[in-house]
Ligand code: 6CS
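In structure tokens, the next block holds one chain alone, the form predicted alone.
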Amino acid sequence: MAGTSGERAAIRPPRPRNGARGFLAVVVAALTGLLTGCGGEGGDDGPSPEVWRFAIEETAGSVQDEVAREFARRVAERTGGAIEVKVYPYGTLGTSDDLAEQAAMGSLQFAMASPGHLGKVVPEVQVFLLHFLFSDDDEVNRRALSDPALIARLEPHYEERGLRLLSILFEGWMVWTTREEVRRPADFEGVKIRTMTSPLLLEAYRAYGASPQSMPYAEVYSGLQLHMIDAQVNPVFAIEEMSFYEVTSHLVFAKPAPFVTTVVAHPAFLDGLSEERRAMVREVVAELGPFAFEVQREFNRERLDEMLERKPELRVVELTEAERDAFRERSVPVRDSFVEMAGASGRAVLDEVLAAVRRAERAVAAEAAEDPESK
């Protein structure tokens, strides 16, 4: 519904994670990297710390921000303050595409790189955009994403694009926010839903009967408010952060896919570290998986409660297994599209993801059998 200029001026804007971006940000990032990539001369208090730069794809206060700052804290602690990790929230150094490019060029030592963006240059990573690959059990998924065999399978594809894959992190489930209740594919007929621009996601929602739309993230709130779109998909913490729940009426938990990001580094930077420091980085990164899992669980739980407190009429819809099966059935052919796009290497990655989930399910089941009270 179009409004007058006065009505448009009164529209509440979202709280975007997107900030300043573009060519100038990239140039500044590169120049800053040259200036801060190593320690300088100190003052009276001794030499200044060596600076490592870590850019994330979310705003300050987000899951990724908490994880990156914990990485910085642990690195500082284990090096006695000899290394300072500076965290750059989304927008301060450009777009997600810019961050991956800067990490590959070496002006960033570390970055978060999500499949929705990185998939343009690493097609195999778009496997994480496919629906209904993972377990309903979050702990199973955390373990599957940290499976060494899965990471080893993906590593060469990152290396080919000038990136070193360090970790894959689970940030919670993607959730649909809609105007009307959605419990079956027929309910999606004609619904204009905003997704990321991945062809696989567009195909997935077309298979459900929806009309997927591309739209800049910062325009989704006004798009929902003006009825340019009817729905959108994001993890709970992002829905609260961007206030999307204010302009929709239902939160639909279908668990189609987890929201996943990867931690990457500049290969030459890592290879140039001493053996001791490389081991320290690997150790800290390994600890981030469980830490990130607990952070996302806390953030998503708290922010769901906050949304319901602010908008009591907001309806939470949790699909039954039978209802999810109807969506799952329609999602399977999209896997063939992924394999066609990513080729034999994509097929190998897809098979490894499914195998990692099975291994994690067996491990969790075995632990539960040994200690029934643990579940």
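Please read all numbers here as calculations on a predicted model, not as lab measurements. Throughout, we count residues from 1 along the sequence that is shown. Note that the rigid core is defined as the largest set of C-alphas that superpose within 1.5 Å between two forms.
If you look for the form predicted in complex with this ligand, you will not find it shown, but the lines that follow are about it.
- Checked against this ligand in the model of the complex, the residues Gln225, Ser167, Gln126, Asn234 give one hit for a heavy atom within 4.5 Å, which is Asn234.
- In terms of contact with this ligand in the model of the complex, the residue from Ser114, Thr92, Ser146, Gln213 that brings a heavy atom within 4.5 Å is Ser114.
- Although the partner is absent here, Val87 lies well away from this ligand in the model of the complex, with no heavy atom inside 4.5 Å.
- For the chain shown alone, Ala207 is not a contact residue for this ligand in the model of the complex, no non-hydrogen atom being within 4.5 angstroms.
- None of the heavy atoms of Phe110 is located within 4.5 Å of this ligand in the model of the complex.
- This ligand is not shown here, and in the model of the complex it never comes within 4.5 Å of any heavy atom of Glu66.
- Looking at 250-258, 284-292, 188-196, 264-272, the stretch with residues near this ligand in the model of the complex, meaning non-hydrogen atoms within 4.5 angstroms, turns out to be 188-196.
- Looking at 299-329, no residue comes within 4.5 Å of this ligand in the model of the complex, counting any heavy atom.
- Asn141: CA moves less than 2 Å between the shown form and the other one after rigid-core fitting.
- Put the two forms on the same core and the Cα of Gln126 is off by less than 2 Å between the shown form and the other one.
- Comparing the forms between the shown form and the other one, the C-alpha position of Thr197 differs by 2 angstroms or more, with the core used for superposition.
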